[in-house]
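First comes one chain, alone, set out as structure tokens in the form predicted on its own.
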Amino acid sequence: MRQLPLPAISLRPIDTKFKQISLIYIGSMALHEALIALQTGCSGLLTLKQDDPHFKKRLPSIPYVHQGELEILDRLTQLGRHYHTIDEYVQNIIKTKTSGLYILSFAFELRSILQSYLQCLSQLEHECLQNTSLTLSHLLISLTDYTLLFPALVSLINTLQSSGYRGCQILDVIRRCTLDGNTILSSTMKKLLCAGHRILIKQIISILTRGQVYDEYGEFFIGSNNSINVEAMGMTTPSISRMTSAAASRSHSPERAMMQTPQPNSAITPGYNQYLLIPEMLPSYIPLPLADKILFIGESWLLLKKNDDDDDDNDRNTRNSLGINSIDYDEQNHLVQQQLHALTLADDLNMFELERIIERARIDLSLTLRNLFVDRFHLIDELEQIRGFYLIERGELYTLFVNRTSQLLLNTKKSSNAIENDINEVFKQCLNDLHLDTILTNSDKFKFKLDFPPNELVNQEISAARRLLYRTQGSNDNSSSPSDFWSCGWANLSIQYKVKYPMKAFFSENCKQRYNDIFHLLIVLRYVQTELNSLWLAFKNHHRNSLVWHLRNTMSFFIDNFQYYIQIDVLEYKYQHLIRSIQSSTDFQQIKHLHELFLADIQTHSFMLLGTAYQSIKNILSICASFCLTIKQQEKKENLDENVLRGFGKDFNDEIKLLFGILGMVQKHNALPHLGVFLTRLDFNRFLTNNNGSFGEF
């Protein structure tokens, strides 16, 4: 029997069923490969491996897979690559433990974002197992938020790595990323910024409540002042906190590490002014005055709560008897800590609230410090002592001191402990002889020192002095040559003020240096005035050359008026104004500012900040001192060389003319209110004006 062939149509149902099974298999494989690509960045069987293990290329075409689905697979693969890049960055940061607290906190927040991404993938995998008919489009739609977020995070990571930003600097970069119209991207960036703000607030709380900065990686906008010689102050620098090493652990977040309480000896509290602002580390949205307030509050708590290591036992007993250590600041610190911690709970850092908290704390603390310094520590009495020593308030004391040490300091060309001890003993004897030891009671805190400049500066001064002053022709007494005046002890005498607790918060090193600058002028002025007066006493009964007396009287006229102007018109007026302002003020920072203005006003009205005018005054003082020394050296001669005397007169007139012209121009601009009184005394009868600013011919 002949077999008939099967109809062709009977093969079509079998072929269609096979095709459907193949498509189902291919679809399942595509979903599986897509889930792998979303975690690894490559799609496994659907890619061709190249020589580079990090570079994989998709097959150009796959049977039964639509080209659109392949493009979706490419997008999912790119998303997986972004995930892999972010995950690798996070793992490196946590593993190295050297990137700092801010970067570490940033990495921890990134890890939480990656964990939510992995949870989303796990949910999608479960859905794919439950429903095999799902497509790649379902995966892409479910991960839409991450397709927008991950590229922005990768770009942010690349920016941080390329710029080298660290610490507070990364807050500005992240904050700029929050200014985006996409709500998903903006909210995620705010979470990253909030993580950095938690570290920032913890560091602010640390310095506000304990006066300590834990910053191993140099990330905070307040750092150590390396210009201060801490060892010379009898202190030790803060040791590295265990807090930062614990923060790098994978099992502890940076925020928890910041909250760890340091061990009692983990950080020795540094002295006042040990910290300074680092503007380049300050975020742009935190004002510089606010950072300055934070620094002030931290150093003030530091001053009030800790004892300086260089104070002796008597100072500690004095502090304890005053009850300083018994003052309880825990309640106020706890309140500030709670208010600042509440700021970290919000998505955005409320700068207005932060400024309000800091300002409130500053006002309360400043009032406390004002009461302590003015009422308990007797700041005004301390200023009286400084006035008596630095500002030569007791003229009779320094006149006696100049008379007794005139020759000693004139012949001194370099410092030595023996000479300094002799000078201090003479000064103490002067205090006893005038019965001023009961008025200037803190003489043990003020010691005279000889502070000679380097040799090159001395040579410059001597060369300038020779040009103006060297009139003693043929003089072989080099030890007392007039040209060496600015290299002798009088021109290099200073006062060392031992600032004790708690006055270090008020009298900084800069203040002491400015007081010494003023003292340099006043002591040389007092020396020259005394020498001119002693010249008159020595030769008043002798018939000398009238030119000598003319020169001496003219010099004395200027020196007396200049000395009266500084002591009465400037120092006395400014000091009384300072005392009245201190007594009426309730703000410690304002009192410090008033004191700094007081020093600046003295230097300004004494022409110390007018370079040419001040140099002219120094030249006048040199000429007068050289004139007195020359007359004393040649006192045994019956006839003095008139050419030498006229040379002194010419130099003196030239400097007076220059100074009078400069001060006249300053007076026209009304820059110095008290200058007009001084010029009126000098030119009361218009003599200087009629002689072009000079005292006439000698």
Partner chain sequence: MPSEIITLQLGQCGNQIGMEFWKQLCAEHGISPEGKLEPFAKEGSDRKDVFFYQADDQHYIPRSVLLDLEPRVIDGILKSPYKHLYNPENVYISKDGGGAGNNWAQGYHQGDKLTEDIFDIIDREAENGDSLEGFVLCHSIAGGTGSGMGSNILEKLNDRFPKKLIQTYSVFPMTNEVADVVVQPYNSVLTLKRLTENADCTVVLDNTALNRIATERLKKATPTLAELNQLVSTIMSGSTSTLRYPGYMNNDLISLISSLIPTPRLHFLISAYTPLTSDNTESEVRKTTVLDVMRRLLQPKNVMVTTASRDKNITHCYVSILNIIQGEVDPSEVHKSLMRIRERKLAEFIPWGPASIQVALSKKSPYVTTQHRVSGLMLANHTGISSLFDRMCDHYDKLIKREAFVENFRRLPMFKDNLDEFNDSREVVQQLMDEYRAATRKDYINFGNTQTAQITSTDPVSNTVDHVSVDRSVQLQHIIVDSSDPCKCTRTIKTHPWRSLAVILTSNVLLAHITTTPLIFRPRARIPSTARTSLTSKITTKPVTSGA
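Numbering follows the first chain given and starts at 1. Every value quoted in this text rests on a predicted model; they were computed, and no experiment measured them. Here, rigid core means the biggest group of C-alpha atoms that superpose within 1.5 Å across both forms.
The discussion below concerns the form predicted in complex with its partner chain, not included here.
Residue heavy atoms within 4.5 Å of its partner chain in the model of the complex occur in exactly one stretch of 613-621, 349-357, 214-222, 394-402, and that stretch is 394-402.
For the options Leu277, Ile380, Val426, Leu434, the one in contact with its partner chain in the model of the complex, meaning a heavy atom within 4.5 Å, is Leu434.
Of the residues Glu299, Asp517, Glu420, Asp569, just one reaches its partner chain in the model of the complex with a heavy atom at 4.5 Å or closer; this is Asp569. If you check its partner chain in the model of the complex, you find no heavy atom from any of Gly489, Ser626 and Phe660 within 4.5 Å. Taking non-hydrogen atoms only, Asp560 approaches its partner chain to within 4.5 angstroms in the model of the complex.
Shown alone here, Arg526 lies within 4.5 Å of its partner chain in the model of the complex, counting heavy atoms only. In the model of the complex, its partner chain sits within 4.5 Å of a heavy atom of Tyr573. Mapping the unseen interface onto this chain, Asn533 counts among the residues with a heavy atom inside 4.5 Å of its partner chain in the model of the complex.
With the core superposed, Thr159 shows a C-alpha displacement below 2 Å between the shown form and the other one. Core-superposed comparison between the shown form and the other one: the C-alpha position of Asn553 differs by no less than 2 Å. In the core-superposed comparison between the shown form and the other one, Leu532 has its Cα shifted by at least 2 Å.
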